[in-house]
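Before any questions on binding or motion, here is one chain by itself as structure tokens, the form predicted on its own.
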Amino acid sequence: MKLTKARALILIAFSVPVAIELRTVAGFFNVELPLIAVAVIEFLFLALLFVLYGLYGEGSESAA
């Protein structure tokens, strides 16, 4: 599946609320998750997404 600009944008837009709600879910299990930890997790996910877009995104020759 080719990673287009639209799919990358949808993944970014979907990941932000999921990352914020991660604190709520952790709270149900009595795990205190600081905001900085959520920010780091989101940053790592977005970095991975940008790397994957660079490898398999539009205009890359490696995607068949």
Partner chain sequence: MATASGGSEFVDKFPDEAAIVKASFLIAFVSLGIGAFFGLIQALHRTNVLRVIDSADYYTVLTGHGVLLAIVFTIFFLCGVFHWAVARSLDRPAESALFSWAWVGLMTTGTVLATVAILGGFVPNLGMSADVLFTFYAPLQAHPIFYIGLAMFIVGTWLAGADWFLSYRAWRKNHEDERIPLQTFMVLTTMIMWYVSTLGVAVSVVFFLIPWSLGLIESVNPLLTRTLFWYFGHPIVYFWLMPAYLLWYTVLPKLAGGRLFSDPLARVVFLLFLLLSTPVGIHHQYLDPGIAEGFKFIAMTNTMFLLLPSLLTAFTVVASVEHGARQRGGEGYLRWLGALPWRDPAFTGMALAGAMFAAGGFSGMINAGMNINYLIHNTLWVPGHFHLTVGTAVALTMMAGSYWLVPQVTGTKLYSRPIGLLQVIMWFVGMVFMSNAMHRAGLAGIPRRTAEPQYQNFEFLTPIGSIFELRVQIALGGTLLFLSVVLFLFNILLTSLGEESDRPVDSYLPEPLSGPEGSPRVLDNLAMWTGIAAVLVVLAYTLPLAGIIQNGGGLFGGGLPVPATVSAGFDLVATTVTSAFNTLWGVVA
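Everything numeric in this text was worked out from a predicted model, so none of it was measured. Residue numbers count along the first chain shown, from 1.
What comes next is about the form predicted together with the partner chain, which does not appear here.
The partner chain is not shown here, and in the model of the complex it never comes within 4.5 Å of any heavy atom of V40. At the 4.5 Å threshold, heavy atoms of A13 reach the partner chain in the model of the complex. None of the heavy atoms of V51 is located within 4.5 Å of the partner chain in the model of the complex.
The partner chain is not drawn, but in the model of the complex it has a heavy atom within 4.5 Å of I20. The partner is not shown here, but in the model of the complex the stretch 23-38 reaches within 4.5 angstroms of the partner chain through a heavy atom at R23, T24, L35.
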